[in-house]
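First comes one chain, alone, set out as structure tokens in the form predicted on its own.
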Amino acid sequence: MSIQQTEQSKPSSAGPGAASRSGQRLNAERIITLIILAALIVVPVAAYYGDARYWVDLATRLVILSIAATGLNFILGYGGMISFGHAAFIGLGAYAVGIPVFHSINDGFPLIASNNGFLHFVLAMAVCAVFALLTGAISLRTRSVHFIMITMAFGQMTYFAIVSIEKYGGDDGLTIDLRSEWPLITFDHPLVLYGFCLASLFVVMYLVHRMVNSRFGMVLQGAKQNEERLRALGINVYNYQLTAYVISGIICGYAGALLGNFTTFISPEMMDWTRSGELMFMVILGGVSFLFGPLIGAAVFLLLEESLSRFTIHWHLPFGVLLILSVLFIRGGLSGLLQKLGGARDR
């Protein structure tokens, strides 16, 4: 933190040309951002009225996964915490929608179990917050590969726990007969659901941006660089990391509630460690520590999945090769590549 302040206080020796180039790079980044936002707004609407509703579903899935990836990027990219069990939060959020609807239909509990959207999403975030608090308090006592393994272990424990509950379908999953209801909002309309998800993505990205640039975010990023130095300054790094882990779990739980409303079918397979791996791939591919990295990574991931799966059922193999090549040769993921290309054009 002090180093950053010292560097900021240094006089610039590059002259007015450097400021001009910096402004041009900023404009290039803004153009790329505006293109992404325009595509998210225009393409699904055009696809819906152009009788290509498959692309609306694909865009909805993209936005929901981007929310979850943003939650993971908050601790992975800015906090250096590599969690391999974040799919558990998505699954818990989805079951927080399906279980109340199940009891509302089969047991007739309108007060404590209904298709009330406020109840579903508050329940999803509350359950994930408690789960993240309990598991994070234990997981953060470990470091490096041990942290990875224990988060994956907690995720698999949740997976097998849901499999063992036959009342909610067990391994066969559970159908959500009623989507969440909000005043003046119906998730049964594809564009309404997509618009709600897209607005949620913007809100989540804004909140993450504010947190990352706050004192809390600076401490989190400082712990990623040198945790021992922050401890020497008297900062309780553990509390900051645990808070970030809980916030990340809440974001993924919210995405899970949206995913449950989108698919209207939930199963323990949503919590499997392979899903956590896919979520991590999206973050790495898009670029860790970049605000739009999860969105770019999720978009490329889904487009590659859709295109490669049309040629072979073993699409994971070429996709894995592409991911390895991107990690080896594209530092900072696709977001870092775009930033470098923008800087090269401005020179």
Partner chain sequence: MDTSLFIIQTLNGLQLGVLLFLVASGLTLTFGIMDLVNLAHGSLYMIGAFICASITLWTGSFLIGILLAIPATALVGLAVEMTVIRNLYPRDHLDHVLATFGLILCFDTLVQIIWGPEGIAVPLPKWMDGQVLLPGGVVFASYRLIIIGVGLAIAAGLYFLVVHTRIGMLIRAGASNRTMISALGINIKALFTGVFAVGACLAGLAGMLVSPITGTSIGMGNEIIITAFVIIIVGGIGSMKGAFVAAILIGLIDTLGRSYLDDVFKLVMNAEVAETAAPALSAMLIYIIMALILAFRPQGLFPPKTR
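In this text the structure is predicted, and so the values were computed from the model without any measurement. Numbering follows the first chain given and starts at 1.
The same protein also exists as the form predicted together with the partner chain; that form is not shown, yet it is the one meant from here on.
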query: Check all three, A46, H209 and L291, heavy atom within 4.5 Å of the partner chain in the predicted complex; finding: no
query: Proximity of H314 to the partner chain in the predicted complex, heavy atoms at 4.5 Å; finding: yes
query: 4.5 angstroms heavy atom contact with the partner chain in the predicted complex for V192; finding: no
query: 4.5 Å heavy atom contact, G170 to the partner chain in the predicted complex; finding: no
query: L123 within 4.5 Å of the partner chain in the predicted complex, heavy atoms; finding: no
query: Which of 172-180, 133-141, 230-238, 209-217 sits within 4.5 Å of the partner chain in the predicted complex, heavy atom basis; finding: 133-141
query: Contact residue in the predicted complex, chosen from T186, N106, N226, S164 - any heavy atom within 4.5 Å of the partner chain; finding: S164
query: Sole residue of F196, Y78, F102, F84 within 4.5 Å of the partner chain in the predicted complex, by heavy atom; finding: F84
query: Contacts with the partner chain in the predicted complex - residues in 140-168 whose heavy atoms fall within 4.5 Å; finding: R141, T142, S144, V145, H146, I148, M149, I150, M152, A153, F154, Q156, M157, F160, A161, S164
